[in-house]
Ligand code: ADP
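In the form predicted on its own, a lone chain appears below as structure tokens.
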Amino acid sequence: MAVRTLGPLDESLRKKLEKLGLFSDFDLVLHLPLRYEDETRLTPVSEAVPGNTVQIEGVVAEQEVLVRPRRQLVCRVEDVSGSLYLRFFSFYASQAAAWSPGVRVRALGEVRTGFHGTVEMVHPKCRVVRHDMGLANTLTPVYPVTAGLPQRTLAKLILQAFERLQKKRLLQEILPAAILSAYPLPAFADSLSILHCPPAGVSIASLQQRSHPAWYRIKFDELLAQQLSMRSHYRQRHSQRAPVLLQQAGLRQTLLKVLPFGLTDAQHRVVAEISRDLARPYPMQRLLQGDVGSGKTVVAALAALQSIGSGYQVAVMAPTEILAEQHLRKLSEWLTPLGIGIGWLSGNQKKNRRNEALEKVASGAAMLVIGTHALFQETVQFRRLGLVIIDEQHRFGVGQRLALRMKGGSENVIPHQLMMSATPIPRTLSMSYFADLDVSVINQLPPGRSPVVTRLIDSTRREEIITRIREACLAGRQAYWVCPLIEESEVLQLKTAVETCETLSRIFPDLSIALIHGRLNSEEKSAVMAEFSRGQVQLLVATTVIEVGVDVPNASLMVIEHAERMGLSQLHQLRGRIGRGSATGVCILMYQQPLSEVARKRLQIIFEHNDGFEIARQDLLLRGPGEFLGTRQSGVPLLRFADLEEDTALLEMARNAAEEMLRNYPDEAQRHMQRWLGRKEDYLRA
């Protein structure tokens, strides 16, 4: 039911509702209060304790308009127990006239200690008391509003919508009796009624902390809708066709023999999980998680061999050219000796090379195709695409990943998809926002990898850092100097990187120093990275373009300038570029005072933890799921009421209930999704 059916609303009011995302009666009744005000009782002035929000009633004994230090209206109000001050920095002349001495007023607000130890309220809700004005019967809800939409108007619209839905029996129970009896939660309509019109005596704390049973019911229903949506997509995938890719034992053993290292137990486990999926006739959608340096690339190589050995091509897509080129070098080194044709596609290729690559892909001469987002452009046609491998999958939008999957060829099949991420997903996120995927975790680092030592150093101690750089480079090691992230301007960031490189070149005239940044073309980037990899460059000055995809074992020292500007995931990724050789890696996080509270917490977390999963968990607590998930959010129903950290038990309940409903009550499951998600659950997932 659209907003225009909610009654005779003028266009201005309709637009204000739309700004709040309110398009239907159901949207309105799910527009739940931010907090509540208790106008059901009065507190004697003598019991108005600073820090508490209370309602008092008394007579205005004095009134004064002050002009210093700023214009303000001050009223002293007294009752039989004492007096306090009401202070207004913004007021109308009509209010000053109404609240004149001798008038009885009622004020609700937070009590605080004022000047010279007095007790006061600043900008309380204040009304003149009429002789017939009783106390409220229910707690007063305070809703999120937008400019020009008064609380009273919105509350009235919500109440009218609730009554319309009740009359049409659209708030009746959808959940089956078996589910309701298994999970002791209050009725849905009763829960909404309590949250919008809480009766006197209900604990405000339980309402505002969202721990009241009515809140649990709303959060459970929301989580259930999300679980039903995600698990429905998971089940639908089994009805789609995908190529059956059988394990090629000969190819696999040949690769394992030429590798200069053995696989860890964790790698063997996830290789087996992926291999089983690829041999099934419906498309795999598996997320491979592994901390920085855990060995995801070789797992991807073994999956690629299974596809290639079965006669199907593989596409490997990475978000940056540096990372894509890193995959090109490694996979070429491992797979070219096995006689596998490899193609390369990027946005900066010259036309003749690109045309050659496109022909190899279309003919099947290139069985493994590596590239950036250029892979999913319309001109790229695969002969038989069997497997899509997407690295750093969270950097691609749903539409981009879907476009690559749709290139399965002429056999009307959907390729298998393996997504890789070095940003570990906390368990609660995996249970909710990734419930449509199978997840494999490499939870073990290769032997010999020691944790990187992290140091926090104030920028005023720059000279100490300069000394550390000189000592490391003269000892035959290499180092990174990462320039600050300047979100407002890529031009400013580039300018800073160039100036930093020039400054360090003057400080270290005896060292070979190079600069890499996002504005270099692919050939220039490749040349710089090749020189650094060969040891010809001792100190590499870089922007955050090196965050992923750089693997130089001899680089053991990294300085990150203005580390307080960067996110936890980015800091952890950057730190993972060092400590890949025999020498212990040292990462110096240089920060500048003053630090915001959030920046201080971030630096403390990255200093105290090397485990990417714990860092990701802490990051989720700091940022919330919306920011953490980034571009994956296209098409994913975000949670409005449930909190993944606080409501883990409810999430477990919702997950179990969703499986039972999909299995035994499919009609009710569909109706529940329709109630909560509308058409969102029909979004074709990538």
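Worth saying up front: this structure is predicted, and the values here are computed from it rather than measured. The first residue of the sequence shown is number 1, and the count goes up from there.
The same protein also has a form predicted in complex with the ligand, omitted here; what follows describes it.
Not displayed here, the ligand is kept clear of residue 518 by more than 4.5 Å at the level of heavy atoms in the predicted bound form. In the predicted bound form, the ligand sits within 4.5 Å of a heavy atom belonging to residue 293.
Put simply, residue 512 is far from the ligand in the predicted bound form: not one heavy atom of it is within 4.5 Å. Using a 4.5 angstroms threshold between heavy atoms, residue 330 counts as touching the ligand in the predicted bound form.
Here is the short version: of 535, 446, 82, 347, the single residue with a heavy atom within 4.5 Å of the ligand in the predicted bound form is 446. Here is the short version: of 117, 148, 262, 476, the single residue with a heavy atom within 4.5 Å of the ligand in the predicted bound form is 262. Annotated contact segment (heavy atom within 4.5 Å of the ligand in the predicted bound form): 262-270, selected among 587-595, 167-175, 262-270, 368-376.
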